[in-house]
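What follows is a single chain, given as structure tokens, in the form predicted alone.
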């Protein structure tokens, strides 16, 4: 494998995806900033939400998370749902387009007619997908760090219980944002890698995106309905939402579970490599 070839293909694909990268990244950053701006007016909205059940699963309320606190508010309104979903959707779009998108348009054959190997294209496109997702995630985290002080999200909040006892909930800091953003990125990487693998194996963009999207949605429904009904709990280990929501890394810090999507990504790259180097292009 020639590093110069990989770098050249990587840079070329990055330029092609630049406009969509800017759009997705700015859109996610805007969602983060707007949600943070609502904290002063919605601070007490979730005070009566009880732990357990379907609503708690949707909001990511596990353990002793207070949804009216700064950390709880951003977790339930952004990091338990919106941020990972946007990164998952972006990852699926990138993963499906990396190989299958160009193959369907006929531009992949033109690229491979140059002195570049299939494996070099595969690695460059995979690295490009990871890099673009990382850029979107980092910018969203920076947007939260910039917005949080403006809307009292970095200030500790003291809550008084009916029995008169008080609890102090800390405000958001860089550690929370870094951990939560990295965990959300991991979910996006795992899902995007699935789309990448399907594209490399099948060579069909729409099919790769459709199947990867179906897996992502099915995993979310499986985890949520399992919490509501108490059924099929043993199967929820296949869903990233199980560890992502229950670990709540935005609040509790990173755990070893965050490595699982990257292991999946490595497997997808290896299997995609094996298949792509052996099949005929469509």
Partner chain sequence: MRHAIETHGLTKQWGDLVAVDDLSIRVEAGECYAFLGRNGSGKSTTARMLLDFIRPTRGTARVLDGAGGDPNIRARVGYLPGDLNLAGNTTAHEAFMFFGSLAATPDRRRLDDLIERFGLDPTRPVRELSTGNRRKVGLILAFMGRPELLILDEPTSGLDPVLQEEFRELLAERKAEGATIWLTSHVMAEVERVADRVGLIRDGRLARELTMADLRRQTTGRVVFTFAGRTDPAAFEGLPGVQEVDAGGEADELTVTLNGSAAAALSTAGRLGATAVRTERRDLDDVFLDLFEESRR
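The structure displayed is predicted, hence computed values, not measured ones. Positions refer to the first chain, counted from 1.
A second form of this protein, the form predicted in complex with its partner chain, is not displayed here; the remarks below concern that form.
- Stretch-level contact analysis of 111-119, 134-142, 148-156, 79-87 against its partner chain in the predicted bound form, using heavy atoms and a 4.5 Å limit, identifies 111-119.
- In the predicted bound form, at least one heavy atom of residue 106 sits within 4.5 Å of a heavy atom of its partner chain.
- Put simply, residue 265 is far from its partner chain in the predicted bound form: not one heavy atom of it is within 4.5 Å.
- None of the heavy atoms of residue 258 is located within 4.5 Å of its partner chain in the predicted bound form.
- Residue contact check for residue 16: one or more of its heavy atoms lie within 4.5 Å of its partner chain in the predicted bound form.
- Residues are counted as partner-facing when one of their heavy atoms sits within 4.5 Å of its partner chain in the predicted bound form; in 250-282 these are 277, 278, 279, 280, 281, 282, in sequence order.
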